[in-house]
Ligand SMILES: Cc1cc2nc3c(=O)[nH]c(=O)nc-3n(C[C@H](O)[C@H](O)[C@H](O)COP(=O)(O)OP(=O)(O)OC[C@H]3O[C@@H](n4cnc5c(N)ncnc54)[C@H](O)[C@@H]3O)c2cc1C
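Given next, in structure tokens, is a single chain: the form predicted alone.
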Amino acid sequence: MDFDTDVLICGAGAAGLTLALDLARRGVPFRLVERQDAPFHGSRGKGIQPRTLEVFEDLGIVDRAVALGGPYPPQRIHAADGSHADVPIAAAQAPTAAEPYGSPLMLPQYLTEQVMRERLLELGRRVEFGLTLTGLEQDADGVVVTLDGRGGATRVRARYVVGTDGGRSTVRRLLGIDFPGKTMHVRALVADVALTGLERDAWHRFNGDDMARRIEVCPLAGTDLFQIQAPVPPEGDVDLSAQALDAMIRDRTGRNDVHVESVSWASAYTMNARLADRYRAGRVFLAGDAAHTHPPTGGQGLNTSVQDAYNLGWKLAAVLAGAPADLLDSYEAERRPVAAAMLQLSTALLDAARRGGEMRRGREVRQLDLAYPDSPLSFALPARTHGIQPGERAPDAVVLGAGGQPTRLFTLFAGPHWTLLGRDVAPGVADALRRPGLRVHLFGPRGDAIDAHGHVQAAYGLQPGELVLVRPDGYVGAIVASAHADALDAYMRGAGLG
């Protein structure tokens, strides 16, 4: 049976759009369908962590995102007597050569997704809105899905399907994959509103030590709106009108000078922490909220979703181009433990908030230290006892090209290719490893790159003759001494670099 497309992506949120962008730049045929008739227009996820900013740089959208958004303001803790104190939400972290994005970016989710759709359009693709997946059948070679839209039902056959359709995923349900976890017994509202009476230079917090009466009002960077967050009773309807939110603010703050003028978007929800038992069933994968749901504390959900898709995209493309099919097994092996750790972090931060603690976020939320040390794709020969390890994020560095012009490792990494770095590699060793889909950059005599500032050596700790293979998603795949170049050749063949 013929295929209508290689990959069908169900759900056009941040995860689905990331996967679409990655496949589009690789020339992989795909369709991206979304059951809603129009783009999401709320700010549910508004924090873009530094590691995700690095992903956005590779996808060609970081500057647009930063131009639209802004930094997180300090948290202004209002006391009952009318006084207040400002504290930073996150510890200050200046950019470095190895970590070019030191702090998170605030950007409402609808603007993040708008930037992604604009980039997708530049690549010649677009979201298909108003199509709902209602059926799914698969065999050894492909998947047939039924899509319902305004024109009726159609059947589409794809080589692979990826469910990025949210916490209530239809794809996950049709696969019969369990979604265990727990309800956090915290029900809250979130609303984007036009509001007067509060300054836009702080994230305002009232009644921080009283979970039932807490209310937070945060200016939304890139807009004239504020976001209201507040716990609500566990049962019953929640009035999300401007009048009701105005009354809630007056009741919980004791102030009569703060007024909600209008509501742009609002939602009431119960917090959950859940993780799918599996991320894959045959030729169907789960990513984003379809695979894991997080409490909003720590700003991890959207970021983890983006990085799920960024991990899966290059692997799907490689297998479709002829790489061994078991390469796809590494997706769940790498990403499910990350989601489990992020669930623990988000839950711990929520528990601290329930006890009245400050919303203080440390380095762990920035996702720069996430690694895949136990991945089948992490390989070293000989084993390393120093410096960077396989499976870790490949650091950035400022370098010079041999022509004397400044550049960065991230500039050399950018794109759908693999990258091989080497220090003082003997002539012929690197040449024997060159192949389509791999870019080679050598430091040392007659190399094309110069570590003029010592940043590469500080970040990677390479010994003379060592080679570092960086994956398309910016993680170190393998570190091999020149004497074992044949092992590196075998590794690359197994990863689809024939």
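Just count from 1 along the sequence shown to find any residue number. Fair warning: this is a prediction, and the values are worked out from it, not measured in the lab.
Keep in mind that the form predicted together with the named molecule is not shown, yet the notes after this line are about it.
Annotation: in the predicted complex, residues E34, D289 and S305 each come within 4.5 Å of the named molecule through at least one heavy atom.
In plain terms, the part of the chain that comes close to the named molecule in the predicted complex, with a heavy atom within 4.5 Å, is 125-133 out of 89-97, 311-319, 125-133, 385-393. The listed set W265, F379, Y372, Y160 contains one residue whose heavy atoms approach the named molecule in the predicted complex to within 4.5 Å, identified as W265. Of the residues V476, C10, V480, A20, just one reaches the named molecule in the predicted complex with a heavy atom at 4.5 Å or closer; this is C10. For the chain shown alone, V190 is a contact residue for the named molecule in the predicted complex, at least one non-hydrogen atom being within 4.5 angstroms. The closest heavy atom approach of R435 to the named molecule in the predicted complex falls outside 4.5 Å. Taking the partner from the other structure, the named molecule in the predicted complex has a heavy atom within 4.5 Å of a heavy atom of D165. The named molecule is not drawn, but in the predicted complex it has a heavy atom within 4.5 Å of Q300.
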